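Listed next as structure tokens is one chain, alone, in the form predicted on its own.
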């Protein structure tokens, strides 16, 4: 991001938020470039939030056609849109987002996420992927890490009443107020692959059960070659069997991954709009922190379960 100043038009439009986080933070936002792939409910909530905040540009990637499920989960798709005949989900979302804030450049990048090489991601400051396979999370995160500049990586998954956000800011410095002075703080983040490779038995005893449950479902989809959201009640027996095998391998008590929790993730894999709104809000907040360099960033997992209404931050990394 360069050091250009805000225009008079930007200063007038973003006056209220400038009063909250300052001119420098807004300048950084207005010069930032965001990439988002996978436009379901949680991702579009994030896109709406980040466009209203005033980022420089937002690039959307989702070549899927409009379906009945997409219409139910994505408020950016016009209600009168004919399914399958009016363009891709990304194209329709792009048109709607432009109306939210004409000063943000919103565009579409066609192609499969796996086809984008390392150099493709260099043009962005933040990369967000949603509802992706385990292999895609690892691959895109690794490509971002290979760049000479820091590209913040986020993955987000919402499965009915539960959700997860993963954050990788690499080596990250930010300013924090302590008493009467402002000090510089540094955090070192692991990649997604490094984080999930940490043996379960070495994690703190009170780690969120959602962390383990999400890994089981993620692994099941990988083994069965399923896309996220393609599970049903018919898969529950095999998912529970895989849970038992993983718990045995990691020396973890099976009670840490309750049957009832896995059932919710497997039987109702679609996104629940209220949970999408919570996750999209948290994700937007974290991206703004990362770009502006102000505020304690999340490290490195966030979990939300609508059943108890609690959001939990877990630091899953080596000491």
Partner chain sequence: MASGQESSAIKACNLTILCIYCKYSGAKVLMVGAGGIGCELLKTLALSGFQDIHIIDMDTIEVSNLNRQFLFRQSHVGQSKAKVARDAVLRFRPQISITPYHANVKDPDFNVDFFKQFNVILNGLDNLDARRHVNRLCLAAGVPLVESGTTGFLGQVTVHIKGQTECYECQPKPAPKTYPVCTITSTPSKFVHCIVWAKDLLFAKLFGDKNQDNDLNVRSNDTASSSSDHSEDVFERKKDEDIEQYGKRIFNHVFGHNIESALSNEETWKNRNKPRPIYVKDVFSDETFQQNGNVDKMAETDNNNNNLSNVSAMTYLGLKNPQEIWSLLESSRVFFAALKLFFSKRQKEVGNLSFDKDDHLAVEFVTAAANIRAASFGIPLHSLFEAKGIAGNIVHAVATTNAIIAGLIVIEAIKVLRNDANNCRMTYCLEHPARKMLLMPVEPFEPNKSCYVCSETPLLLEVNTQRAKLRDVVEKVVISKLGMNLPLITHGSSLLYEVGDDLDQDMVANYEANLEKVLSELPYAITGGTVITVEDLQQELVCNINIKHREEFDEEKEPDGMVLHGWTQQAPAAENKDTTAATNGGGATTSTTSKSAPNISEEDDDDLTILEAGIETISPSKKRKLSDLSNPEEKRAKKIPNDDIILMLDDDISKQ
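Positions refer to the first chain, counted from 1. It should be emphasised that the depicted structure is a prediction, and the values quoted were computed from it without experimental measurement. Rigid core (definition): largest C-alpha set, two forms, superposition within 1.5 Å.
The protein also exists as the form predicted in complex with its partner chain; that form is not presented, and the subsequent description refers to it.
Although its partner chain is omitted here, in the predicted complex none of 111, 120 and 290 has a heavy atom within 4.5 Å of it. Note on the partner interface in the predicted complex: the residue among 131, 126, 210, 77 having a heavy atom within 4.5 angstroms of its partner chain is 77. Proximity to its partner chain in the predicted complex, taken as heavy atoms within 4.5 Å, picks out 278-286 from the listed stretches 58-66, 32-40, 249-257, 278-286. By the criterion of a heavy atom within 4.5 Å, residue 13 is counted among the residues contacting its partner chain in the predicted complex. Although the partner is absent here, residue 195 lies well away from its partner chain in the predicted complex, with no heavy atom inside 4.5 Å. Taking the partner from elsewhere, residue 18 is found to have a heavy atom lying within 4.5 Å of its partner chain in the predicted complex. A residue is said to contact a partner when one of its heavy atoms sits within 4.5 Å of a partner heavy atom; residue 160 meets this definition for its partner chain in the predicted complex.
Using a 4.5 Å cut-off on any heavy atom, the residues of 19-53 that reach its partner chain in the predicted complex are, in sequence order, 19, 20, 21, 23, 45, 48, 49, 52.
In this overlay on the rigid core, residue 307 has a C-alpha that sits less than 2 Å away from its partner position between this form and the one not shown. When two forms of a protein are overlaid on their rigid core, residues whose CA moves 2 Å or more are considered shifted, and residue 13 is one of them between this form and the one not shown.
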